[in-house]
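Next up: just one chain, as structure tokens, the form predicted alone.
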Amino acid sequence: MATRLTAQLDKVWRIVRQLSGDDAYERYLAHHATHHADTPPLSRAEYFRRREQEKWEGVRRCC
């Protein structure tokens, strides 16, 4: 019973992390290892810096 509850809570926690974007770096690392294994991955700080830069690059208004 406790094992099943723990498994369900783990699943819910993974879904929450995915919906909030909290697991973005881990997903990036998995993608990078699969598709770009010949190059080193970005550090966590550099990954988020680039992500923010891409997010706000096209914004040209103040409000």
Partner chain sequence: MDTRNPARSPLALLTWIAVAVLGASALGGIALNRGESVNALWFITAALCVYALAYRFYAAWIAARVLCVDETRATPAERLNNGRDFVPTNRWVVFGHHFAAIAGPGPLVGPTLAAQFGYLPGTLWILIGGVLGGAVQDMVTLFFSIRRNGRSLGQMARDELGPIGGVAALLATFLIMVILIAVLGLVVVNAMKNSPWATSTVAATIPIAMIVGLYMRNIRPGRVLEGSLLGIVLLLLAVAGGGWIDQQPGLRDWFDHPGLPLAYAVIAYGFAAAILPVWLLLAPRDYLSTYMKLGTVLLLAAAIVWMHPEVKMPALTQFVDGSGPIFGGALFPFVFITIACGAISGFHSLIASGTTPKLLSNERDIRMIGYGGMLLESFVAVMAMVAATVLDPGVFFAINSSAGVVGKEAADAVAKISSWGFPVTVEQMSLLAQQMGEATLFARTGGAPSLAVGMASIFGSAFGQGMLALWYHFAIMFEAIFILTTLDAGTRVGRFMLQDMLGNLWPKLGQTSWYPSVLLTSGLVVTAWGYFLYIGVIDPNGGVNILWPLFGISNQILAAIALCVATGILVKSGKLKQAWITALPLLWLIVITSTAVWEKLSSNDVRIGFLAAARSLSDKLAAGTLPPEKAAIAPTLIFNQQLDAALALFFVCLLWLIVADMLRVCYRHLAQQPVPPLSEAPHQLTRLEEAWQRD
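Residue numbers count along the first chain shown, from 1. The structure displayed is predicted, hence computed values, not measured ones.
The protein also exists as the form predicted together with its partner chain; that form is not presented, and the subsequent description refers to it.
In the predicted bound form, its partner chain sits within 4.5 Å of a heavy atom of Glu54.
At the 4.5 Å threshold, heavy atoms of Ala45 reach its partner chain in the predicted bound form. Contact between Arg61 and its partner chain in the predicted bound form is found at the 4.5 Å heavy atom cutoff. Although the partner is absent here, Asp10 lies well away from its partner chain in the predicted bound form, with no heavy atom inside 4.5 Å. Shown without its partner, the chain has Lys11, Trp13, Ile15, Val16, Arg17, Gln18, Leu19, Ser20, Gly21, Asp22 in segment 2-28 as residues with a non-hydrogen atom within 4.5 angstroms of its partner chain in the predicted bound form.
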